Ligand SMILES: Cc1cc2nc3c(=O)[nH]c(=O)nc-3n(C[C@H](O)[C@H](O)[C@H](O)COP(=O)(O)O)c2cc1C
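Shown below, as structure tokens, is a lone chain in the form predicted alone; questions about how it binds or moves come after it.
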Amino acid sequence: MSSATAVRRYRKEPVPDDVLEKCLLAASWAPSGGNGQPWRFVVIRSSELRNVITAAARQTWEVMKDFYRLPAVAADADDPKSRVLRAMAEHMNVGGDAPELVLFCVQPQRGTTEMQQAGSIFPAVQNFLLAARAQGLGAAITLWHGHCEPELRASIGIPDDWKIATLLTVGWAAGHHRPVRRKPLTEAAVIDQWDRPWSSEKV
């Protein structure tokens, strides 16, 4: 968990089906509301669909650059922010040519809000990500489907009452897995009061 960072650069080496199957199986072990398991994991290998996703990924990058006013990054810039921006740009340019693509879909359960429904699909996503990391794979969550959802729904045959939660890119990491960078626990966890930081020390 402490080194399961988002990996956006992959080697050309294919992912064997038995390795990917372990990730899919781990996803299927996730908890869900009432154990309803209202999910479907779509492995995308069609070249036509991959082309659609590539176009959507590149469109996403153009929207992000404009919305966040992202600066152009010099090729020799080596600071952390520049490295992340370069990896993001490369990731979205490669798009659907990532070694594996997995679309996570969920069927909304009656009487649940979108936030509640997310609790029945994103644990499966996290299980997949951890299983991928355990096998040396890298993966990244994307929202590229937002720019090509009608095409995906029509081509895959996704029923109208199902929603697309996310699209994962998956492959053998081109670099090294690094420790995650997170805020200290005292900024994330509190005891009883919003402004009373977590402490394991007895008062």
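Note that the structure is a prediction, hence the values are computed from the model and not measured. Note that residue numbering follows the sequence shown and begins at 1.
Another form exists, predicted in complex with the named molecule; not displayed. Remarks below refer to it.
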The unique member of L143, I158, A30, V42 whose heavy atoms fall within 4.5 Å of the named molecule in the predicted complex: L143
Location of the named molecule contact in the predicted complex, chosen stretch of 174-182, 34-42, 150-158, 130-138 [non-hydrogen atom, 4.5 Å]: 174-182
Partner contact for M88 in the predicted complex: the named molecule, 4.5 angstroms, heavy atom: yes
